[in-house]
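Okay, here we've got a single chain as structure tokens, the form predicted alone, with questions on binding and movement later.
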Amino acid sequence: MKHVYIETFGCQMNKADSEHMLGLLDEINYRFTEDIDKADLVLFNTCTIRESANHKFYSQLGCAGSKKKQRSKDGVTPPLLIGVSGCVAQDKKNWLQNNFPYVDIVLGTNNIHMLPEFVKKAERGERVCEIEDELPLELPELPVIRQTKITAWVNVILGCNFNCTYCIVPHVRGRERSRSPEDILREVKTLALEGFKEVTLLGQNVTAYGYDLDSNYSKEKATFGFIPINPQYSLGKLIRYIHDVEGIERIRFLTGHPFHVTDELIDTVSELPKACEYFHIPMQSGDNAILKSMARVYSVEKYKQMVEKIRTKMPNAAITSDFIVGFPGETEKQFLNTVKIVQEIEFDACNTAAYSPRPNTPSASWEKQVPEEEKNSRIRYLNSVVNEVLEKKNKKYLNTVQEILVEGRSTRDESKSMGRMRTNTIVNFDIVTYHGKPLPIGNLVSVKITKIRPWALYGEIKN
């Protein structure tokens, strides 16, 4: 029996990939360990969307290289294998091999299913660097070892067909490829049998699910986004297809693109009791000229129309978003348009980031790059506005009773439990007994909200 330590950087898609890698490695007798010093194999599942994630990865990789060198000197400890997967591997395979000779395995985002074969080669002393530019024509069903017990990630579509000028995802993840509804239903049924209560349907552009399965699909249409007329497959239809699986209490999805948030999808979430009223739809900027430079293929007005449709059908729905500040050429006035739209729409949460030039993206080489100090000043101001909006939004929950799915101990306070509302808001509450018995995770409970904070709420269980 050997042990593997995996460090995951970046998005939920990477977290789901890591769970599949653990499942694949289990088949060749590698078990997960949280202690890197006990590992026989160290894997870094990387993200290249933000420069900060890159810096952290390279620092950790250097530490792993030192551990490997130290082991080779003592002559007693078994040798350490090091692997790099994910978006950095897909983007910089040759650079990794040339500059980090102690890395044994480099595999990309499109051939995770080959990991056991690569590990076997590395065990024999071979250096492996295998990258596929495109996903297989038929997506393989991969084993998985979940890192949670109540909520589960379910990949439904991989890749992205948009070409946002700041984004490297299409380069490292390829074009959209949807799994079949039958395979997804089979996975959700298995999760229910294993005791999972909530599933999150994942994709780089999850709202485009199924369109590439349509007979009218073509690469030419896909380049500019594609919504078939009366689609045979769609995210809305998929949610209906899996909705009645017994044991699953909640269904979520992320991350979507505003272009593909259709009336059908909004109606589906509105009508189905298990579909959570939660939409994470990145807007990225509140200025039309910047959106056009980003190639986001919608306007501020179109985004606001989408929000209005959602809130008309579901007044209590949570809408969250992502924003980039300091995009090349962004003026102070254009930045303030983003601040204005955050205040106007009153998002339930926002992920914010200063623009980070990524290789192999058009905007990285553009003129009028915003100085770092200006980007930092803008993001500090935007974050302060986001927090003000969140505090205002959260006040409506004070003294209300909310349905919470209990997930476990709070990461903010070990003395408390935590769970999430249907709107994905985190709620912390005292660890108590429920109807005279210890409260197990996985229960849906009623919690009265007694205190609010911008990013979390606090409450008491109502017996």
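A residue's number is simply how far along the shown sequence it sits, counting from 1. Remember, it's a predicted structure, so these values are computed and weren't measured experimentally.
Heads up, the form predicted in complex with a small molecule isn't pictured, but that's what we're talking about next.
Novice: Name the single residue among 418, 421, 49, 61 that comes within 4.5 Å of the small molecule in the predicted bound form, judging by heavy atoms.
Specialist: None of the others qualify; the residue that does is 49.
Novice: The small molecule isn't shown here, but in the predicted bound form which of 354, 191, 317, 144 has a heavy atom within 4.5 Å of it?
Specialist: Contact residue from the list: 354.
Novice: Verify the flagged residues 204, 282 and 296 against the small molecule in the predicted bound form: is each one within 4.5 Å by a non-hydrogen atom?
Specialist: Looking in the predicted bound form, the three residues 204, 282 and 296 all sit within 4.5 Å of the small molecule (heavy atoms).
Novice: Mark residue 322 yes when one of its heavy atoms lies within 4.5 Å of a heavy atom of the small molecule in the predicted bound form, and no otherwise.
Specialist: Yes, residue 322 sits close enough to the small molecule in the predicted bound form that at least one of its heavy atoms falls within 4.5 Å.
Novice: Whether residue 257 contacts the small molecule in the predicted bound form should be assessed with a 4.5 Å heavy atom distance threshold; does it?
Specialist: Judged by the heavy-atom cut-off of 4.5 Å, residue 257 is in contact with the small molecule in the predicted bound form.
Novice: Contact between residue 166 and the small molecule in the predicted bound form at 4.5 Å, heavy atoms?
Specialist: Heavy-atom contact with the small molecule at 4.5 Å: present for residue 166.
Novice: Would you check, heavy atoms only and a 4.5 Å threshold, whether residue 179 touches the small molecule in the predicted bound form?
Specialist: Because no heavy atom of residue 179 falls inside 4.5 Å of the small molecule in the predicted bound form, the answer is no.
Novice: Which of 233-241, 125-133, 182-190, 282-290 has heavy atoms within 4.5 Å of the small molecule in the predicted bound form?
Specialist: Contact criterion met by 282-290 only.
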